[in-house]
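Coming up is one lone chain in structure tokens, specifically the form predicted on its own.
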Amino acid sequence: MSFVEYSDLIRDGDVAIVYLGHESMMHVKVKQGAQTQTRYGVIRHSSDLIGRRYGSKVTCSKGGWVYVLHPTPELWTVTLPHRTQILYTTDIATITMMLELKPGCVVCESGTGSGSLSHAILRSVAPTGHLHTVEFHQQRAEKAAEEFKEHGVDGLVTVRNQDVCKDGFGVSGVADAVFLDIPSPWEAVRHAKAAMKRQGGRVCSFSPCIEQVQRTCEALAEEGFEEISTLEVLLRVHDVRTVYLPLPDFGADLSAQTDDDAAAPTETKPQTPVALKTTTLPREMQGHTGIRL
């Protein structure tokens, strides 16, 4: 099992996603002889998971059922153990687009945190790219390295436990893209520049406060970066409803009428309303999570 390669069958040692509902999912480490408790009952790994196909519908001990899904970065984002605040799919999609990530890219990231963005980056740069990720906190760095190995992507990533603002990324002149998600990204801009290739490349910084953005923009300009822009992403969920609209009466089709039809009296038929799906914006909208530049 790997987060960047799909497998058909569930095997001992895999990480699988148990889907109980759209708002309720959990990850499990598949192990021979182990059991997982859910609100629908027990899932026995030996008989219910190992050897089954990913996507299978599994019946629990109480009669309820769940789906067992192959892990993806998106599913891992909503089921991972939180060691820090994380980035979610809306922001991750924007970041990977802005950094122009593709297979073969070399990316530097700080900080690693819970690894939500890291898994999305690894899928984007696989199979020939590489991620250099830096985490200041030792235990978080060690746990991230352990998860990468467990998820079958350890060959694509190097985890370093150091202060990126003082010690940089540990590489120079190799990165196609750099991502910063730290309290003071302006202090790491010069290290980002040193890590990047001599020509081309992009830097993206994620900050929740506009004051952080201002200082980072100033640091980027001082280091000679060009085309600096700031972007805020807001997620708006539209409410879907059904409306009924009457069809307009355009009269008879004169081009298709014969002389006898024209002489005959016409009857006006009542118009049947047509059901259409439409959307409306919610009255309230959640504020931003962060600003990218």
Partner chain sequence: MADNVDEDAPYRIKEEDYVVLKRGDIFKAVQIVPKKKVIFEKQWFFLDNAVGQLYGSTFDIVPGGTLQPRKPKDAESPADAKEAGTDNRNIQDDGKSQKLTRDDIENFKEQGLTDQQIIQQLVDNSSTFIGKTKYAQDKYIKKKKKKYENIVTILKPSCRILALMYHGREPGKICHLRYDTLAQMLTLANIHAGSKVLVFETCAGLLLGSVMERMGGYGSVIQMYPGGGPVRAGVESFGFPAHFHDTLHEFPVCHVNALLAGTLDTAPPKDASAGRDTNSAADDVCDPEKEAREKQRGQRLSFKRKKLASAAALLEGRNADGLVIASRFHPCPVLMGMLKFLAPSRPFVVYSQYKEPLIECYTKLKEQGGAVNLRLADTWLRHYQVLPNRTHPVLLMSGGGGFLLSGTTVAADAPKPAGAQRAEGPAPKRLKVA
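Positions refer to the first chain, counted from 1. Here the rigid core means the biggest group of C-alpha atoms that line up within 1.5 Å when the two forms are laid on top of each other. Small disclaimer: the values here were computed from a predicted structure and weren't measured.
Beyond the structure shown, there is the form predicted in complex with its partner chain, which is absent from this document and is the topic of what follows.
Engineer: Out of the stretches listed (149-157, 219-227, 109-117, 133-141), which one is close to its partner chain in the model of the complex, meaning heavy atoms within 4.5 Å?
Structural biologist: Only one stretch passes the 4.5 Å heavy-atom test: 219-227.
Engineer: Please identify the residue among Leu247, Val42, Val243, Val240 with any heavy atom within 4.5 Å of its partner chain in the model of the complex.
Structural biologist: The option sitting close enough to the partner is Val240.
Engineer: Does any part of Ala145 reach within 4.5 Å of its partner chain in the model of the complex? Heavy atoms only, please.
Structural biologist: Ala145: no, not in contact with its partner chain in the model of the complex.
Engineer: Mark Thr96 yes when one of its heavy atoms lies within 4.5 Å of a heavy atom of its partner chain in the model of the complex, and no otherwise.
Structural biologist: Flag for Thr96 set to yes.
Engineer: Is Glu100 close enough to its partner chain in the model of the complex to count, meaning some heavy atom within 4.5 Å?
Structural biologist: Heavy-atom contact with its partner chain at 4.5 Å: present for Glu100.
Engineer: Taking 4.5 angstroms as the cut-off for heavy atoms, does Val78 touch its partner chain in the model of the complex?
Structural biologist: Close contact exists here: in the model of the complex, Val78 approaches its partner chain to within 4.5 Å, heavy atoms only.
Engineer: Considering only 22-41, what residues come within 4.5 Å of its partner chain in the model of the complex, judged by heavy atoms?
Structural biologist: In sequence order, His22, Glu23, Ser24, Met25, Arg39, Tyr40 come within 4.5 Å of the partner.
Engineer: Fitting the rigid core first, would the Cα of Arg11 be found 2 Å or more away between the shown form and the other one?
Structural biologist: The answer is no, as the C-alpha of Arg11 shifts between the shown form and the other one by less than 2 Å after core alignment.
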